[in-house]
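Next up is one chain by itself, shown in structure tokens, the form predicted on its own.
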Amino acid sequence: MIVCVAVVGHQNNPLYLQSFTGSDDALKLHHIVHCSLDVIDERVNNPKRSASTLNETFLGLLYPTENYKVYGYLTNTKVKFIMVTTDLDVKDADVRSFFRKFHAAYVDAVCNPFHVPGKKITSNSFSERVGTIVRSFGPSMTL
């Protein structure tokens, strides 16, 4: 189950953060997302990256915690997508599919002529679309 998704700008400014838990874990999840930015920077700025991984946007599992797994995705414009999940046996293909859909929703949101680039995403339609994508993620996604 996905408990949090985030969009972080190229200057590590939060553009969108949504928690999908019923409890008051928002601050804890915000901290996990913030910590994952260091891991993303390490992977992106690693001089030992091979040619095949230079253009790879899916960063995979960033790090596991005791209760969560954190996955990352980096766009060509250096915008970062982060997903925090409680599922311990998630397939990379499912996560890639999730990030492709999430990226498409993000592109539609920022193509809105009323959206100011680099500012927080406040679109209700984006939030609804992200909620739909998150609810569709899971065991039923692989069928």
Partner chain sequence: MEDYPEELRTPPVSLVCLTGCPELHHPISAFLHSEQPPINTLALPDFSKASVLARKKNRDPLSQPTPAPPSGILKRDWLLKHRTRVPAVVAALFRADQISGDPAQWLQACTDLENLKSLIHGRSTRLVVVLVQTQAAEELSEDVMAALRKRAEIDSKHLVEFVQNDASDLRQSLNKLASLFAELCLTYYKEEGRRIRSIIEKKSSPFPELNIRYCFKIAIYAEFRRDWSEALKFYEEAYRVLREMANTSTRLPPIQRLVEIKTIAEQIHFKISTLLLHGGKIMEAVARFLKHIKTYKRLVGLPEVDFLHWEWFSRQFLVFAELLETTAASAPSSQSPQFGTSESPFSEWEFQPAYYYQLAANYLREKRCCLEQSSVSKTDLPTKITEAPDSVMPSTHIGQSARLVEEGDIVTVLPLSDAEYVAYALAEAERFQDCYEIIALYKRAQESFSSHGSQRMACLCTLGMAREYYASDDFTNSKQLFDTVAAMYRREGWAPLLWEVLGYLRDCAKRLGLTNEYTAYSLEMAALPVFSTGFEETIDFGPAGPATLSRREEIQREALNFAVETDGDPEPVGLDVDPVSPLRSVLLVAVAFHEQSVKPDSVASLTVSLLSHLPLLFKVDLLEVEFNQPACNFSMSIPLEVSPNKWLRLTHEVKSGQSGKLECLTVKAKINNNLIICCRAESPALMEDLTSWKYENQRETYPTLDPALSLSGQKSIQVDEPNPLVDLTLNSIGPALVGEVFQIPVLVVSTGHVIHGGELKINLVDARGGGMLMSPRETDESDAHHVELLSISGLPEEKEDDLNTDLSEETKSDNIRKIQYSFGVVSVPVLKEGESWCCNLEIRWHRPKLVMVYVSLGYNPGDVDQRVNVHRSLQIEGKVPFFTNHRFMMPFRREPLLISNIRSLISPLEEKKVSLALKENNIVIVSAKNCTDVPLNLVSMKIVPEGGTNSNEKLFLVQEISGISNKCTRFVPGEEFRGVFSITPLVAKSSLSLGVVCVEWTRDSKNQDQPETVTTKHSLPQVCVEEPPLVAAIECPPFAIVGDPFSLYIKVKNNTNLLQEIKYSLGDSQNFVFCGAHVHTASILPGKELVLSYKFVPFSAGVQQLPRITITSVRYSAQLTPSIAAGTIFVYPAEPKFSLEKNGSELVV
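Because the structure is predicted, anything quoted here is derived from the model rather than measured. Residue numbers count along the first chain shown, from 1.
The form predicted in complex with its partner chain is left out here; the points below concern that form.
Taking the partner from elsewhere, residue 31 is found to have a heavy atom lying within 4.5 Å of its partner chain in the model of the complex.
In the model of the complex, at least one heavy atom of residue 39 sits within 4.5 Å of its partner chain.
Taking the partner from elsewhere, residue 107 is found to have every heavy atom lying beyond 4.5 Å of its partner chain in the model of the complex. For the chain shown alone, residue 86 is not a contact residue for its partner chain in the model of the complex, no non-hydrogen atom being within 4.5 angstroms. The three residues 75, 111 and 128 each lack any heavy atom within 4.5 Å of its partner chain in the model of the complex.
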